[in-house]
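Here you get one chain, nothing else, as structure tokens; it is the form predicted alone.
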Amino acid sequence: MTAIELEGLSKSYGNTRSPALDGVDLSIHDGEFVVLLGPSGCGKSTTLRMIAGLEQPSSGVIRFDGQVVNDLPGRERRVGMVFQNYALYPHMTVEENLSFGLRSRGETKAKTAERVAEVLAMLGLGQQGKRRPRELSGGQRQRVALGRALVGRPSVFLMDEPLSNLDANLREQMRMEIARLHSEHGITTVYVTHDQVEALTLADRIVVMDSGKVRQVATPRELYLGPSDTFVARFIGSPGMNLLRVPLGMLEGPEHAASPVTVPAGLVPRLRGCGGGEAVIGVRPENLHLDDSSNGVGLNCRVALVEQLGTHLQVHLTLGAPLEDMALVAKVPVGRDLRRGEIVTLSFRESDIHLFDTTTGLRLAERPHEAADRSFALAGRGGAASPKQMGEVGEAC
């Protein structure tokens, strides 16, 4: 297989002020499955097309196994590409679609037929060889597109939103198919998507992109548990991480007694040391806990909306003054009887908090908490928690 290295890769179009890609550095290991994930227009498809040789970078270097391939035509890079719209020839049969590339390269008729039969069997299309694309289901057409990319035994497999045209059930089936193919053949794979489920379930590593830049490169677990900045924190997760911008003046001093927010005393100096007049505290929706009654260690929130999602409830909450412009989302178990307008108490563990710099948005380094099961809580106005109730926070930032 092939290792890929991108160094200072940039791409600009015409007179646009902002480049589509801006100085991307990325190393993809031999046999690795890497997913480029980000919102529309972030540069992920542009990156893929430059790896494929379909577009030329404005600057920067692309290497395959240490060899610079910037000037190497796409057909000589031994890449197989799957497009969003399948790009099958409608007048050709499945077998003819699969064999087209091999025949164009001068492969013998016998070897072409052997390889096509092998790929058809691999993808469970053995009975579909004589059919044309219009006679196939969406999932079958996607398999043909995968097969056409695989038939030439590529050293790099590139996929650009390959499942976006399929319904939910077919997407799940095709994710399993793609994962199986990679497990069995170990082809270096670069996969573009805006779907987090695809990224988190398929990737060895995920590259989160935004505005032509790489925000973070990490395994799915590392990405979820340790987002590098507030963009990644908000983007990863469904819904994304809750971020609270809390004025530090509310956390200590004479205003503290009337503050709607109470934190462990040991955390305040750490927040002060992070700079700025505010603290940005992040917590994921599944780590928020709703209590039936106020117990002095929670924030009184008002339920704005309850979404029934089958496996859980997704509860949208609003905060009271002076944080009324902030909103939170919590995931709670099915069975809770929550109504719009109801007041509930919110709390979460100190081990689940994430701290971010208010100016740069970057994550603040944290060291392991000594007491992971102690509660960090937002306290309702007039309901400050005692140090005994709150516990002492581990070192952060």
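Quick note: we count residues from 1 along the sequence shown, nothing fancier. Everything numeric in this text was worked out from a predicted model, so none of it was measured.
Keep in mind the form predicted together with a small molecule is missing from the figure; the text below concerns it.
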Heavy atom of residue 42 within 4.5 Å of the small molecule in the predicted complex: yes
Residue 345 versus the small molecule, in the predicted complex: is there a non-hydrogen atom within 4.5 Å? no
Would residue 175 count as touching the small molecule in the predicted complex under a 4.5 Å heavy atom rule? no
Given that the partner is absent here, does residue 77 sit within 4.5 Å of the small molecule in the predicted complex, heavy atoms only? no
Using heavy atoms only and a 4.5 Å cut-off, determine which of 312, 132, 194, 141 is in contact with the small molecule in the predicted complex. 194
Just to be sure I understand the contacts: of 161, 107, 95, 229, which is the one whose heavy atoms reach within 4.5 angstroms of the small molecule in the predicted complex? 161
The small molecule in the predicted complex: contacting segment from 65-73, 355-363, 335-343, 44-52, heavy atom within 4.5 Å: 44-52
